[in-house]
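In the block that follows, a single chain appears as structure tokens, in the form predicted alone.
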Amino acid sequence: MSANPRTIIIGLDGVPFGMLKAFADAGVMPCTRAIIRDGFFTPMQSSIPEVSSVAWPSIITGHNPGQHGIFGFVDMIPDSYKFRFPNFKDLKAEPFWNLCSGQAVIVNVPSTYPVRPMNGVHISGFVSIDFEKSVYPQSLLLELRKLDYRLDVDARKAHTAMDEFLQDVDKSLTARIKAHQFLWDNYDWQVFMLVFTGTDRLMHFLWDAYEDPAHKHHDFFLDHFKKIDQAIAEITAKLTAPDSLIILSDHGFEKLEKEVYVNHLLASEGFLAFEQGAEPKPVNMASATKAFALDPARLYINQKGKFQAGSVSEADKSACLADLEQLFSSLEIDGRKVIKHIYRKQDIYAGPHLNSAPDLVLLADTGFNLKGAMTSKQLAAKGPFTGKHTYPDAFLLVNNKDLTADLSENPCVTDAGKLIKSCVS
């Protein structure tokens, strides 16, 4: 192990500032409470949209999507209306570990599949498809299989067998911790990053268990965070005085009341049309389409010269944007506003990839979750999830207050990325 100062980053996917503070105050996470007491702890703004596929690239590069080029879990293939799934190959900015003079160990960071050769170890996080393309160097594959390492929780089980899902959550966490212990002890590293993502999975399916102490799975929910805190305690016990510890989340969470289908509204209001008799999906959009949405709530003007069958001219684009802003700003369900904020791309993104950005991004109000599916036959419904992502409710926790002197008063995920860069370079 190197004697030089080291940087350790721990990610808790989806954990909101208020939840971490509550768990620390209540003694559920005593080690985290001690770090908060002696360090720097603040709410942090997530990415826009507030999804892991955008937030984690912003954290590991210190850049906004206009610079790193990732705007969501799905995107359109240029000159077509076919979906593609951006991955680590599409990241246009360098991750911080490429700046590190020593070896880096990177474990379970979302949206870093497939792994690339690097100076150290990289095990990608969700969405990872092929185990062998998720691990570098490949000499680690045998050891990880011995540890029963899982790339992700099998969320499908939560839809049919909650007890099996919870067993998988627990086994995945155990294997993640064992892998961290092995890598910590067996590599001469300068930077170590470990992300826990079972937190996000639990909050999607069991937010009600968090809120209700009488819920049959409430204790499991708390125990999951206790085990993470114990892992953090093990790590802090091994730190030396010069080492930097950064703990953070990528977005927040809250109770989900209704899912709102953005494309259903666009279709019902004449902005989105499909070929006669065709299935409602992107490849079947008719030339009369003026706008469409991709998950979670990214709106694209079907502009001439940009899309294959674009119908909106450059001259008409401004009026179309204004009409969409009016439509969504006035949207109410059960007497409640659905949209908290509407962003134009130039207001939130900057960089060489701005042209690929959505024209508008919608931010949902409390309790509403925005969906980009085109097949829904109703505007709003309630699915299996009980929790949803929120903006701006992420958190940032740093063991050394001196490291945060240059942080803005209201830091965001890109600021966290810049902080990490300053520690490792």
Partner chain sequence: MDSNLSHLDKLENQSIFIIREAYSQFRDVAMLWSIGKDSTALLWLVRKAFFGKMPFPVVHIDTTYKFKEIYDFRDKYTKEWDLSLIVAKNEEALGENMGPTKGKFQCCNELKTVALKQAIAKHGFKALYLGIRRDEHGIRAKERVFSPRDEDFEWDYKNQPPELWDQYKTKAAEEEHIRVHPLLGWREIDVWEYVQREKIPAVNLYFARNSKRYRSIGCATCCSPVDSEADTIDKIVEELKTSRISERSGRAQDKEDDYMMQKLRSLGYM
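Positions refer to the first chain, counted from 1. Model, not experiment: these values are computed from the prediction.
Omitted here: the form predicted in complex with its partner chain. The next part is about that form.
Participant: Taking its partner chain in the predicted complex as the reference, which of 26, 34, 373, 381 has a non-hydrogen atom within 4.5 Å?
Facilitator: It is 373 that has a heavy atom within 4.5 Å of the partner.
Participant: Taking 4.5 Å between heavy atoms as the contact cutoff, choose which of 276, 139, 355, 160 touches its partner chain in the predicted complex.
Facilitator: Looking at the other structure, the residue within range turns out to be 139.
Participant: Kindly confirm or deny that 267, 301 and 316 each have some heavy atom within 4.5 angstroms of its partner chain in the predicted complex.
Facilitator: The answer is no: none of the three residues contacts the partner (heavy atom, 4.5 Å cut-off).
Participant: Taking 4.5 angstroms as the cut-off for heavy atoms, does residue 155 touch its partner chain in the predicted complex?
Facilitator: Answer yes; at least one heavy atom of residue 155 falls within 4.5 Å of its partner chain in the predicted complex.
Participant: Applying a 4.5 Å heavy atom distance criterion, does residue 220 contact its partner chain in the predicted complex?
Facilitator: Close contact is absent here: in the predicted complex, residue 220 is far from its partner chain, nothing within 4.5 Å, heavy atoms only.
Participant: For residue 235, is any heavy atom within 4.5 Å of its partner chain in the predicted complex, or not?
Facilitator: No - in the predicted complex, heavy atoms of residue 235 and its partner chain never come within 4.5 Å of each other.
Participant: Quick one: is residue 396 in contact with its partner chain in the predicted complex, heavy atoms, 4.5 Å cut-off?
Facilitator: Residue 396 lies outside the contact set for its partner chain.
Participant: Heavy atoms within 4.5 Å of its partner chain in the predicted complex: which stretch among 356-364, 383-391, 62-70, 38-46?
Facilitator: Partner-contacting stretch among the options: 383-391.
Participant: Enumerate the residues of 202-219 that have a non-hydrogen atom within 4.5 Å of its partner chain in the predicted complex, in sequence order, or give none.
Facilitator: 204, 205, in sequence order.
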